[in-house]
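Okay, here we've got a single chain as structure tokens, the form predicted on its own, with questions on binding and movement later.
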């Protein structure tokens, strides 16, 4: 079985049956670490909407919304923005019925869809993809003496094992030899990015991508499994652990007609949006929680935690303004 198919089947079952988020789950995402993260993302959306002319109707779309925490906090943070909530239509792209239940409890006004292409067309959109692309299937192509081979999952002595097989028809193998040992690509990520680009180019809007990965094309094996907040064997318990891989930001939206900003580091992005000032205000209002609040902000922004590994990129239609949070250079 090609590695991409294995990853797709495992994650489809995992998200349909497991409770992955939070302390009691397998991993914690930024919205669970600090309310400041989601509040700033919400205000980023509202600021961009306002400077784009405050369209009377627009879609706020989240891809892979988890338990709905980000969207709920973002909407709460923007409730005082005049006209924003009157104009917004909330859409969530989620295939897991179990997660949809949690999202509905957090954001009851949302509409749900199985794919971005299923969201109604015709309105400007602001799309949020926080830790979405890392869970999409990847292909791995490996250089051998016989040329490029694709990594696959096989069976040996009644145990799953990684193996190699010839790059078959339809595989996105590099066309020429290289010194790279392993080359990762994600055709499904490219397909979704193309759908987003088409929507935004036609109707206006922006997409904000926050994930861990590379600012430029890198090589090597980044596929990993996480269970109970620790790394796990990607083959040991298929469908019961989270499988992810680093996102190649250089490939997302490559060749699209959209204007690209970033990737910036998550730390620099959040600091430009004012996370330090927001944290200080929360500490003053909740002095008994100040240490916890400051530790959460440090986790999100410090280079040795999530601040450097996580990147932030925005793509914007030609008729929309530059979004906040990005500096003069692409990568900072």
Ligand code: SAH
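These numbers come from a predicted model, not from an experiment. Residue numbers count along the first chain shown, from 1.
Here the subject shifts to the form predicted in complex with S-adenosyl-L-homocysteine (SAH), a form of this protein not shown in this document.
- In short, of 40-48, 267-275, 297-305, 58-66 it is 58-66 that has heavy atoms within 4.5 Å of S-adenosyl-L-homocysteine (SAH) in the predicted complex.
- Checked against S-adenosyl-L-homocysteine (SAH) in the predicted complex, the candidates 208, 75, 197, 136 yield a single residue with a heavy atom inside 4.5 Å, and that residue is 136.
- Contact annotation: of the candidates 202, 191, 144, 114, the single residue with a non-hydrogen atom within 4.5 angstroms of S-adenosyl-L-homocysteine (SAH) in the predicted complex is 114.
- Interface membership of residue 186, defined by any non-hydrogen atom within 4.5 Å of S-adenosyl-L-homocysteine (SAH) in the predicted complex, is ruled out.
- Within this chain, residue 84 is remote from the site of S-adenosyl-L-homocysteine (SAH) in the predicted complex, having no heavy atom within 4.5 Å.
- Although the partner is absent here, residue 182 lies well away from S-adenosyl-L-homocysteine (SAH) in the predicted complex, with no heavy atom inside 4.5 Å.
- Among heavy atoms of residue 279, none comes within 4.5 Å of S-adenosyl-L-homocysteine (SAH) in the predicted complex.
- Taking S-adenosyl-L-homocysteine (SAH) as it sits in the predicted complex, the stretch 72-97 comes within 4.5 angstroms of it through a non-hydrogen atom at 93, 94, 95, 96.
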